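The chain below stands alone and is given in structure tokens; this is the form predicted alone.
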Amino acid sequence: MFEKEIAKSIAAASGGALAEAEVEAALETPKESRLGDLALPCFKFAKTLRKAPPLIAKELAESLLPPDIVGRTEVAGGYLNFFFSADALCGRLASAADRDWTVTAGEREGEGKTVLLDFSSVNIAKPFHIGHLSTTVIGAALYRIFAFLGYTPVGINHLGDWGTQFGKLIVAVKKWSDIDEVRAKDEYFLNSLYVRYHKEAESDPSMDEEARAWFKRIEDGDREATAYFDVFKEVTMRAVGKIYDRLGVKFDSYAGESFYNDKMQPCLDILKEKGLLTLSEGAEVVRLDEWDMPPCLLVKADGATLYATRDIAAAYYRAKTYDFYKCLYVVAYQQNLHFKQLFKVLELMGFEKAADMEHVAFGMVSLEDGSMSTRSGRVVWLSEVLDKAVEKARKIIEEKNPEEADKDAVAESVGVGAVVFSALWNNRIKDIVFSFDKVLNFDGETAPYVQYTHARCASALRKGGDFDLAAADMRAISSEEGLDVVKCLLGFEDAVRLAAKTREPCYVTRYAVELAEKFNRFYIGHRIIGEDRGATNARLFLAYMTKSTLAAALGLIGISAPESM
């Protein structure tokens, strides 16, 4: 926060000997507030300027013309410390009073740039389980964050809608059900048939041959086979649509694997023209030994294509259709090798946007007693988790706020928010061991805590009425606790930009908790509404800015902000 302004003044004070970017990168936040709000360690400039760090700090301080945000400077050994001005901080916040944080940040850094986000990518005929939560909420949060910064995000749900598993399902339906029953029931029924198939196939290998035959009929466009396949998609999309609605997630494209079936051959032709395809035991591969990777298998010996083949076709299609600035794949780190191979093959093909594609990896979700498996039925369904969280929130509301007018809506907001927040609190690469107790814990650094702070601000504003910013006495929020809130509020856009740059929504999640904690400390120590109207105006203004910023931060990570709880 304010690093650019201060770096510019330091560079000027050095007479051009130090570059702004170099200075900005060197600025740091002291661990103790008594040492200032920002500090410049001058040790790294000793070689360039051929002076001792304490002398560099002293000379910079003497020739510095700091921006208005700096109240005073202080030299401490080899450090030049900056202390912000309370009046300037409050003035900066007042100038942002009319900002609609839900629309966009002040600097539209992404203007004219399209960012594709490939996330969620549900599998047809499989219910939404807890393992799908991370990719879905991380991708959706990044979608909103990029939009906030002025980019044009495009959300793509690359459906898992191709493969032998659909032949297996047809066999299962024909043996133990019928198409009308499948259409009338839900995705859990489909999954039960899938689980049963695998149990039965262990003792009857002929079922797998039958399944392959049915999938071949799907590939060939057989009317009966595609009729079954279409019902599987219909049932699945109806079910996942409900989950997406609850999570507040949207997509701009549902082009899945099957969409690229007729788009692979031109890509294979390019590979052949460039001499990149090699025969290996009847299969066609791209050798990547030179880059310490195993071969990338693209066409099996029986002529079947693979996931990688369709991903190559998808890359070419997306570049032509969207002319993207970046294409991000929000997929678990288990697929690290796949994406390394994919990006390298595209580079070797001469694909011009190969360098603009990124794998945004995240950790795996497992159960407390081991890994999940839909084949064996060892899963935790996401709808069950959401329902339990909402049920718990409803009970708490009944106990603590029985007068709440819309208990159901608030419970849905709080319960679903708790689940989403739990997936976005840590850095995305961290593995998660799923526990109902942890997800449904509403105490501490959680969404309900942030939502409650938002509701607390809303309550104060309802009681205090309209505030007059022009008549506000800003000294009322110039205490240490008040300025902590002001500085945190002014750092919101920095948190969002950092989240976009690192592809880590957790920076916004943690920012929301930090702001809630700082405001609650101020709230406890300072009465919002008092007899002095000037002071009341200032404190209501602080509550208003906190409320709007918390709502914006929660909105970016996909959580609603109730007006009361």
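Here the structure is a predicted model, which is why all the values come from computation and not from measurement. Numbers follow the displayed sequence, beginning with 1.
Separately, the form predicted together with a small molecule exists; it is not shown, and the next lines address it.
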Does Asn401 reach the small molecule in the predicted bound form, with heavy atoms at most 4.5 Å apart? no
For Lys263, is any heavy atom within 4.5 Å of the small molecule in the predicted bound form, or not? no
Is Val331 close to the small molecule in the predicted bound form, meaning a heavy atom pair under 4.5 Å apart or at it? yes
Partner contact for His198 in the predicted bound form: the small molecule, 4.5 angstroms, heavy atom: no
Out of the stretches listed (336-344, 236-244, 220-228, 449-457), which one is close to the small molecule in the predicted bound form, meaning heavy atoms within 4.5 Å? 336-344
Considering non-hydrogen atoms and a 4.5 Å limit, which listed residue (Arg428, His158, Lys168, Arg144) is close to the small molecule in the predicted bound form? His158
Contact residue in the predicted bound form, chosen from Ser85, Ser253, Thr152, Asn123 - any heavy atom within 4.5 Å of the small molecule: Asn123
Heavy atom distance at most 4.5 Å to the small molecule in the predicted bound form, all of Asp118, His132 and Tyr307: yes
